[in-house]
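As a starting point, one isolated chain is supplied in structure tokens, in the form predicted alone.
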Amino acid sequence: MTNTGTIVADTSTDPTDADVAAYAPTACILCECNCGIEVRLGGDGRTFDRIRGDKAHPASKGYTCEKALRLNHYQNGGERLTSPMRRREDGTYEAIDWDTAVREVAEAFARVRDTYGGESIFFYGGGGQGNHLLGAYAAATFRGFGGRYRSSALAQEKTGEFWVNGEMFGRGVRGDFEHCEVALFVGKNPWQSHGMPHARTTLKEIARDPQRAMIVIDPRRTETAEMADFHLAVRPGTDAWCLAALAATIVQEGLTAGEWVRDHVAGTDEVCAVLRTIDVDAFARVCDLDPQLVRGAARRIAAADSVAVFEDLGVQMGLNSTLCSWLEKLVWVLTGNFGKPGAQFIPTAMVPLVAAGKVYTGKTSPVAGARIISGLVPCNVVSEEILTDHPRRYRAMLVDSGNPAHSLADSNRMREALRALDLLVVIDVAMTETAQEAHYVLPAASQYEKFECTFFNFEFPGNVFHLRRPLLDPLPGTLPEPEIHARIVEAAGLLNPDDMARLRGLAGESRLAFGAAFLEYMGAHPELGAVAPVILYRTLGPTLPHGAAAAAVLWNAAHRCAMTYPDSVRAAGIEGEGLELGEALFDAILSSPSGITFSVDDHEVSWTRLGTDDGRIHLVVAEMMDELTRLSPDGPPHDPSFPLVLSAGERRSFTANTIFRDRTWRKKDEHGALRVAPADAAALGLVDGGRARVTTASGSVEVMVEVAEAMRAGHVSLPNGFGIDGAGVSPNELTSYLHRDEFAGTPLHKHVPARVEAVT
């Protein structure tokens, strides 16, 4: 194995049989790409002794960044729970056995349901990064008790874009960076956050090719911005003005893809009329940018044969976040960058993250009245939904694979809300900050001790699904989430044991016979639809090869995928018609430990997947049109008492997410330093390695200082992933639940007004 700076791959050409046998395939869990890796265990049978890229993985093909090398710190970080825990009246915890824990949890949820109604039970979590199979089973518990409202980390970031995508395309879209002529990154630093296959290799290839170009919109001179042809280093909070100026330049200079737009786009005249009123030079000056730089970037986009665009947390957690999502899409739609190589596409999905069509249908949360987008309550209103006398407030909460006490805005208020609940049940691998407020904590197996997979399947033209087999047995005292939820559902008396035994017997004879009986049974018992995943787990699950009972929910997913995309599935080499195709796809998933390509498409198929009623892209989103006209020519508001803008949660080389609870994995930036521009450091009397106090409207913390040339004046940043192990601070000690996007309710973590003072 060689480490070439940042790309890690095994380069041996003739491994021995013993070497091959020593490694087992799995995947990295530190970003949505879930690159295939191989792990060799140490002599104790549990330590990750060596990690390398899995060349057999159909998407990553041996690629992985250096972060995967640190996964032993997740698996063997030393904070694992190995017994269910029950909170005593004095706030301490006692270990209890699983039978007691399951019985008492089921009884407690039933009491809340019977007293206040099932809709008073709220669910947070359901999977993150590569931990996704649990989502279906957790939903079975939640919905089995009558729950209606839920949220997850997606509502921290993506719901504004989900809404815009639903209105414009009726589906989610992605960019083809492997083949694009121009790559545009908006609030995105893929060198650190990845988010696309072979991120660092792809960035290098674009940067080296004189016929290609890279455009980055970001206040910081990130690693990606260093490679860019155009770095639009906007003043923090002015992304909407910058994107509007790009779109306006394209319209005002006649750079739109005229005939293509006429054939494929609706609402062009209305949107272009508004864009023609924008003073591009004035908007550029709001951003503290040279107007000619903005115009030059717009012209390069318009001149390209293909443009791929990626927006991310830098704008999705910033001012005007939903508006930015809309404006970014105007830029590439008006220049004709959809449904062709190197542009935007609509991928297949094993399990869709977002349903097709409009994702905001008028439903709102019961107390705050916040928009529920793609079925998710905004994270920033969760405390409002609890800390109230409203009769429909949330009374109980199930948290599975999530840590809202640490990851949601305004940690003090979030902890107060969790303590106000009648019942809080947490399922996790460690005693997280949220678990420390719970009435019951149920210990889960780690991601490498159970069957798992990812539902972030966005590769194109070949899309990949990977069912990962466990590398290790679960620690004694822990259980995989499917087993935990099945036991709770059974303890609640929601399943008939005799019916389960009959269906399990049929599954042992033939999956086709089981399928017919299962559909008949569910048709006769529609009230059991909520717990269908548990029914599959208890009946089909025990008959699956390799002990893959948890994968039973994928049987239904495979059939749905085969029915939705039969030509794409067959193009991937999976044969069959009708139900046989779904069975063949499911068999391929079960028998491929390094993952499979489950669909193959051409780019033009994206046109058939548009979810709009007329098969055209719809530019007009009325709320966004109004918001664009309200952008002040003076730029965003400014509070002199908080003269700086804090990005609370920067992705750095030695940060990840809070599944890492072992501080020894960090070789750099051990304390999570506050990054400050040299000009600000000089003005404030700050020195590199010194101390400073950061104050916002919500709190104040003391931090170490790093004077960083990459920062622009007026902008400071703290990394994410800190404040959980005695190192650094949690950024959400400084954020406010009220500081959120007007439309989607997403937090404005990347734009927190702050002041900084030197500490002697």
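This one's a predicted model, so the numbers in the text were calculated from it and none came from an experiment. Residue numbers run from 1 along the displayed sequence.
Separately, the form predicted together with a small molecule exists; it is not shown, and the next lines address it.
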item	value
Selected contact from Ala557, Val331, Met317, Leu686, since only one has a non-hydrogen atom within 4.5 angstroms of the small molecule in the predicted bound form	Met317
The single option of Arg609, Arg220, Arg295, Arg113 touching the small molecule in the predicted bound form, heavy atom within 4.5 Å	Arg220
The small molecule contact in the predicted bound form: His715, any heavy atom under 4.5 Å	yes
The small molecule contact at Glu161 in the predicted bound form, heavy atom, 4.5 Å	no
Proximity of Cys31 to the small molecule in the predicted bound form, heavy atoms at 4.5 Å	yes
Proximity of Phe177 to the small molecule in the predicted bound form, heavy atoms at 4.5 Å	no
Triplet Ser193, Leu313 and Ala445 all within 4.5 Å of the small molecule in the predicted bound form via a heavy atom	yes
Contact segment among 629-637, 229-237, 578-586, 345-353, judged by heavy atoms lying within 4.5 Å of the small molecule in the predicted bound form	229-237
